[in-house]
Structure formats: C-alpha cells, structure tokens
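Let's start with one chain on its own, the form predicted alone, as structure tokens.
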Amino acid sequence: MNKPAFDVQATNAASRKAAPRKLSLKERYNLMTGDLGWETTYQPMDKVFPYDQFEGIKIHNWEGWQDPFRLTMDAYWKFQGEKERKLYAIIDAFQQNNAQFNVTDARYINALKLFFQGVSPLEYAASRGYALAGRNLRGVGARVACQMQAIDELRHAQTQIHTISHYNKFFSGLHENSYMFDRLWYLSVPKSFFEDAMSAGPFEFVTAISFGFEYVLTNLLFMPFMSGAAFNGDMATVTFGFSAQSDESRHMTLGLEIVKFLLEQDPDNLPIVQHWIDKWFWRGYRLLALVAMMMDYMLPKRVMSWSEAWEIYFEKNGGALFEDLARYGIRLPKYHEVASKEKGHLSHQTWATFYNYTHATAMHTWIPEPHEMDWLSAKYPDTFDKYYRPRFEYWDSLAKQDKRWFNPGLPMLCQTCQIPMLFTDVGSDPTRVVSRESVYRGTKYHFCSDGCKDVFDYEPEKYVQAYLPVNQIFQGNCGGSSLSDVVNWCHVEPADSGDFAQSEDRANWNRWTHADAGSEA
C-alpha cells in the first residue's frame, strides 16, 4: 500500500501555529512575581498581615504597586553575579599590588574607619529591616521589592567587609566594626537611626529608608565618600561604590514609587506620609553631621565642601523633587530651612567635638594644616575665620606645648538623635548651644534642636526607652567606672584612638613610604 506523501510545509506551519507566543516583559514579570501570591484561607489575611494597617495607611488596590524595573529573580542573580566577578577581580589586583600605599596619606584612612564603623553595619541593618518589612506587607509586588533590596543591602555589607579587610592588616580601628557599632558612643547615632526605623511599622520603615534616606539624602552620603575615595587614591573603595551604584539607583526609584503609591491610594494617607517625611528628613540630616565632618576635615584632598554638597544635593535637587511632589500635597520637610542655615557651621562643630573626645573613639583627629584652614576660610567666608579658626589655632598652640586638649567630661546627649549637645543657634547667636526640653511623666528630657524635640513629642513612649551611651556609662553598665574600663568594653585598643600626630598609623605610614626619611637621618 502506498504511504501518503509527507507535507513538510504543512507540518512546519502546524508547528509554528502550536508554538506558544513569547511573553512580554510585563507579562513575564507578573507571572514570576505578582501571580505567585494568593489569598489565604486557613487564616484571614488581616491576621497573616496585621502590621500593614495599624499605622493608619489605607490601601485599596495593591495591584497599583508598580516596580519600575520589573526585575525577576533569575535576571537579578545573573546581573549581580557579573558585577561580583568584576568587583573581586579588582579587589584581588588591589591587594596583590599593595595599593593601600597609593592613598594620599594615612589621615585619609580615618575617613574609611568612619565609613566602616558607622555605615557598613547600616547595610546589614537595612537587609534585616527590608526582610521584616517584606514579611509584613500583603501586596506581592511590595514583598518582592523588599526581598530584592534586602539581598542588595546584605551584598553591600559583604563587599565592604571584604574590601576593607585588606586595610585592617595595616591600620588601626578596623578590627571589630560590628562590635563597636553596638557600644561606641558616636556609633549610637547611626545605630539608633535604624533601630528607630525598624521598630516602626512597615510603611514607615520603607518611607524612612527608601524615600527619606535613599532618595532624599543618599547622594549626601555616598557621593562624598566615593568621590573622596577616588580623589585620595582609594580605588578599592571606589570599586565597591560603583558596584553598589546600580543597586542604589533602583532603591532611589523604589523610594519615590513608594511615596507616590501611598499618596494615590487614599487622601487620608497624605498627613501620615508628610509627618514621616518631616521626621525622617530631620533624623537623616542629623546623622549626616558625621559625613559633613568627613568632607571638610578628614580628606587630605577634598572634593567639595559640605556647604556646596548641601546646596547641590538638597537645596537644588531636593527642591526640584518636592516641587514635583507638590501636586500630591507634599511640601518640603519641616525645618529644612534650619538645615540650610546650619550648613556653614555643621562640619566645624562636629569635628571640634570629635577633637575633644578622640581619646574615646576608634579613629584619630588632628588640627587642620595652615593650607587646609585657608581652604576652609575660602569655602566658609562668613563663619570659619570668625567662629572656628581661633579655636583650632588655640588648640594647636596647646598641642605644641605638649598640652594637647582632651575633654575629660562626658557630654549631654540629645534624647532623639543621640548626638552630644553641640549644635548652636545659628539663626541668632552661633556661640550659644541650642537646648530644648520636654517633660514626660515627671521626667525631663533634653534635645539638640526643635526638630528632635518634635520627633520625641509626637511619640514619647518610644524615645524614653532610648539607650543613651553616656547615661549607661554613668549607671555603670559599660564595663566599669573609668574611661579605660569603658574603652576596653568597647574593644577599642590603644592604637585606635588619640591624636593622629602621635599615632602608630602615622609612624608606620612614614616608615613604609619613607615620608620622614630626611628627619630620621
């Protein structure tokens, strides 16, 4: 029997017809994120997700949450894996070539210490915070966004530890950053910032970190550090900064989308979101006092002044952002005008405080050199020569008489931001320290500003529980009653603290680089 002829064209046509169509990027993203969620049946959704309503935020349509990047997990791992390969190749080359000797001088390493002690632990805290927030948001898109940012933040902490571990072989103050983060007095400032956010509800957390810090203030943190590292020859730090930059751009975009999503869901969300923006702008601004000090005093080669950075990244860029948000009813954060007035004073006051208490830190301080004071005079013509140069010149004269000034007392701390009461009334009398008070249940609490007092007064039950290092020292809870007891309890070694001129870091640097070969001869 003859077999029927095989119709190749018909078979191919049938195959083409049966082949599934290729999904669009949006459809594929929905299948791999939003469509993985479901309505619970064994327990009601309100019981499974009890914390996304108690803040008063109203969400009518979780489908309105849009991830602008539409990044799926398989694409995420591929993208991040490629960045890891490049990063660790550069770190390996940096170490093999002893590139730590390419930085300008050993003073720069103290900026790295400040970053490693005060910022890197925040990356890990952010990872924990986003994992917690993701668990408590019932919208699948929001949970996926939080999951990816939690992984991002954990990766940032790891790459920073791996990069800076090389410097730990040569310089002091880098040996136990996570331990110090829990105990050292000045590190309670960033620590309390994140603990405040993590102990809030999930919507406040993502507004505080994704919008308040990542979008409004992150350029004032990462741009100075990474640009400062590049200017001062620290290419390892620049590399992990670049590796994190694409992640930061996603985080910033996510922060803006979060605020818009909340404001578009219900008009009752507006006053809640505005309060959070006011609160977290001020809390983040106070935290940035450490960055202001780093920019103006800790970089041997300076990128720009703190005042210039504030004008660019907040007054101009931030001003444009809030003009865009005005259509939702959002205004500039409360006390933004105070922050702008303080830009001529903030870094000088903070550095002066660290100079006073450098015997109880894990870094070194110093008096600016004459050409550096001239630079500060040029950048701050209205404030530096009038209020701060005389102070530094006096301390310098004491040091030259072997009477280097260290403050033997303990400062009063602000109950909210936990910074010593060092900020002055720049609006009327820049020589007078600002001091505000509130009485709650018969106990008086002290604040460095109206902004910190407002934060406390809105929810005092939260801030009366604050762990203030100075208070704990006086109560005998920090290793003992003497300064040496407290410093040992913090795992600060003798080489970690004190004046840079007498430090082991300076002596080692001069020996390694032959910087003082002539004087030794």
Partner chain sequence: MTIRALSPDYEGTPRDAEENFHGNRLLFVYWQNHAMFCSPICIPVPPTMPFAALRDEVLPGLYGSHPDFAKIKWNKVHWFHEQEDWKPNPSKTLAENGLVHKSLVQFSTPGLTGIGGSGT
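Positions refer to the first chain, counted from 1. Quantities reported herein were computed from a predicted structural model and do not represent experimental measurements.
The next section is about a form of this same protein that is not shown, the form predicted together with the partner chain.
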property: Residue among Asn168, Gln147, Gln158, Asn356 with a heavy atom within 4.5 Å of the partner chain in the predicted bound form; result: Asn356
property: Candidate from His371, Lys403, Arg331, Arg391 lying within 4.5 Å of the partner chain in the predicted bound form - any heavy atom; result: Arg391
property: Contact of Asn488 with the partner chain in the predicted bound form (heavy atom, 4.5 Å); result: no
property: Gly134: touches the partner chain in the predicted bound form, heavy atom cutoff 4.5 angstroms; result: no
property: Touches the partner chain in the predicted bound form: Ser481 (any heavy atom, 4.5 Å); result: no
property: 4.5 Å heavy atom contact, Ala495 to the partner chain in the predicted bound form; result: no
property: In the predicted bound form, segment of 358-366, 125-133, 425-433, 375-383 with a heavy atom within 4.5 Å of the partner chain; result: 425-433
property: Contact check for Phe54, Lys462 and Phe474 against the partner chain in the predicted bound form, heavy atom at 4.5 Å; result: yes
property: Heavy atom within 4.5 Å of the partner chain in the predicted bound form - qualifying residues of 429-446; result: Asp429, Thr431, Arg432, Val433, Ser435, Glu437, Arg441, Thr443, Lys444, Tyr445, His446
